[in-house]
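In the form predicted alone, a lone chain appears below as structure tokens.
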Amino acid sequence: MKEAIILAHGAYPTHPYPLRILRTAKLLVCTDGAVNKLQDRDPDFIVGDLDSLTPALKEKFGSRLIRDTDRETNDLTKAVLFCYNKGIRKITILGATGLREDHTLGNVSLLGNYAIMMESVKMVTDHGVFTVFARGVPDNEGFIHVTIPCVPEEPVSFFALNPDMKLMAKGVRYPVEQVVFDAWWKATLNQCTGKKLELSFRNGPLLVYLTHPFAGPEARDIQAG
């Protein structure tokens, strides 16, 4: 299995798009707190220190429990590492935002670490999709090129997880070429002008956020190279 859906212990999805991803997941990995909220299906694996599981769930899913007591990583990272060690290189993360804001910020910032390990990393929320890029074949100037489908007037934000990142973008209303990424708000609240974004970056990772409902019922076709 090369792809997994990870359900974290944040706000449980309510938007049709993440709910569809959850419902149709071929491999579902839950953090131990998240499985308490899981509806209409069973997890394939439950990863974490397992202190949030009820005795009934521990008994029910005993053969699916993966105990990891490392105090230096949170349960979401434990789940990602579990997937990586099973040879999975494509993950979509649900339920990683909402509730506590410190957990939300921590989970979003960790996407850069995950992108270095994985070939494809997305975090889908009730409001949009975070996609993070760290891999790709650089050109002679060290830039990695990415093409992302979008919709005219769709809101888009760019985040640098490395303050030295350089970004060039075609298909956005406001130029980003001169942005100095010394704060997270830089290059946010932009807007698509056409049906695709053509991005070039170096010194990544690059985090791109596009809002719903433009994500539609199907996953986006994003290419890097």
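In case it trips you up, residue 1 is the first one in the sequence shown, and so on. In this text, all values refer to a predicted model and were calculated from it rather than measured experimentally.
FYI, the form predicted in complex with a further copy of the same chain isn't displayed, but the following is about it.
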Heavy atoms within 4.5 Å of a further copy of the same chain in the model of the complex: which stretch in 46-54, 182-190, 31-39, 61-69 meets that? 182-190
At the 4.5 Å heavy atom threshold, is His103 in contact with a further copy of the same chain in the model of the complex? yes
If we define contact as a non-hydrogen atom of the residue within 4.5 angstroms of the partner, is Gly136 a contact of a further copy of the same chain in the model of the complex? no
Would Thr92 count as a contact of a further copy of the same chain in the model of the complex, using a 4.5 angstroms cut-off between non-hydrogen atoms? no
Does Leu110 reach a further copy of the same chain in the model of the complex if we count a contact as any heavy atom within 4.5 Å? yes
Hey, which residues along 25-57 are within 4.5 angstroms of a further copy of the same chain in the model of the complex, non-hydrogen atoms only? none
